[in-house]
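Take a look at this one chain, the form predicted alone, written out in structure tokens.
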Amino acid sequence: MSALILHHYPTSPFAQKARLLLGFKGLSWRSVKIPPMMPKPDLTALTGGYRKTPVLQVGADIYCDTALIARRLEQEKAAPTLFPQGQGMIVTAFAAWADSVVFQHAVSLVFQPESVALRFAQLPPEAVKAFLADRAGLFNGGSASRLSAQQARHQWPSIMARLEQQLQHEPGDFLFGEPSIADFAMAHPLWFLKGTPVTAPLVDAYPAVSAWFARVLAFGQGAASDMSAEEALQVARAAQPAVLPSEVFAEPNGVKPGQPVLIAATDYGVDPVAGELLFAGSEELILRREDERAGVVHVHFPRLGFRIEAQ
């Protein structure tokens, strides 16, 4: 069985979500640290240009986006499940809302000037300027818009009041009774806010939320061991991609396996990845691409939040 290799950096909120998923599943994994901003030559050798964090590698299979990473981890270890029976639609819909709307608010609040000054206090001004410019570029060309700090502050109490009410009245310890993907998707924007004293009170002011947040963090991050980027590339070169899924699915826009296509996120970080379409299912798209450093790899994307077009 191939090792689970997570390409990430410590301060990434979505990487924190992935690390908590690994902890919830009780999995061992290899940790490859990547730069927090472009260029990321070792990562893009595997992904073909996808730049978001994190990315999960299993041999020569590369999984993009935490929504799909969660499904891959479910295949790796079925129990405990991220998708409780009978609640799959509810927990995935809530997770998508948290990953987009709640995260959008958290980003705006974290990057207000008072918070930035504390978060990057140890960095030289030119490094801070470069990071902020990289993040501004991340949103070019996609459907996601930057929410003003004023509007985020205005709307945040409604989000948190609803979350507090849900946790006060839910009979279990988690958002929908037993833990699910919904909890981890909601936790990572709050973890981001907890990063400085400026934004931490936006979480700490809600006692039921704070207690729930501590329970989610208590799952830990699994058993990680470091791996270099070059070692991860060697793993990809030496491995054969996994057998394709057997699902029979009619692609609604007529793109067929074997065609050269582009796949890209639609919200932000919309850099396209080119390759041969191998599989298009109801949840997943798989591209074949070849790289001089990584060899032949299969790059996996979720269907939701991504576009596909023939070249």
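This is a predicted model, so every value here is computed, not measured. Note that residue numbering begins at 1 and tracks the sequence as displayed.
The same protein also has a form predicted together with a small molecule, omitted here; what follows describes it.
Enquirer: How about Phe279: is it within 4.5 Å of the small molecule in the predicted bound form, going by heavy atoms?
Expert: So Phe279 does not count as contacting the small molecule.
Enquirer: Can you work out whether Leu138 and the small molecule are in contact in the predicted bound form, taking contact to mean some heavy atom pair no more than 4.5 Å apart?
Expert: Taking the distances in the predicted bound form, the answer for Leu138 is yes, it comes within 4.5 Å of the small molecule.
Enquirer: Can you tell me if Ala67 lies within 4.5 angstroms of the small molecule in the predicted bound form, counting non-hydrogen atoms only?
Expert: Ala67: yes, in contact with the small molecule in the predicted bound form.
Enquirer: If you check in the predicted bound form, is Phe103 within 4.5 Å of the small molecule, heavy atoms only?
Expert: Flag for Phe103 set to yes.
Enquirer: Would you mind picking out the stretch of 238-246, 23-31, 281-289, 50-58 that comes within 4.5 angstroms of the small molecule in the predicted bound form, counting non-hydrogen atoms?
Expert: Contact criterion met by 50-58 only.
Enquirer: Is it true that Tyr9, Ser12 and Lys40 each have at least one non-hydrogen atom within 4.5 Å of the small molecule in the predicted bound form?
Expert: Answer is yes for this spot.
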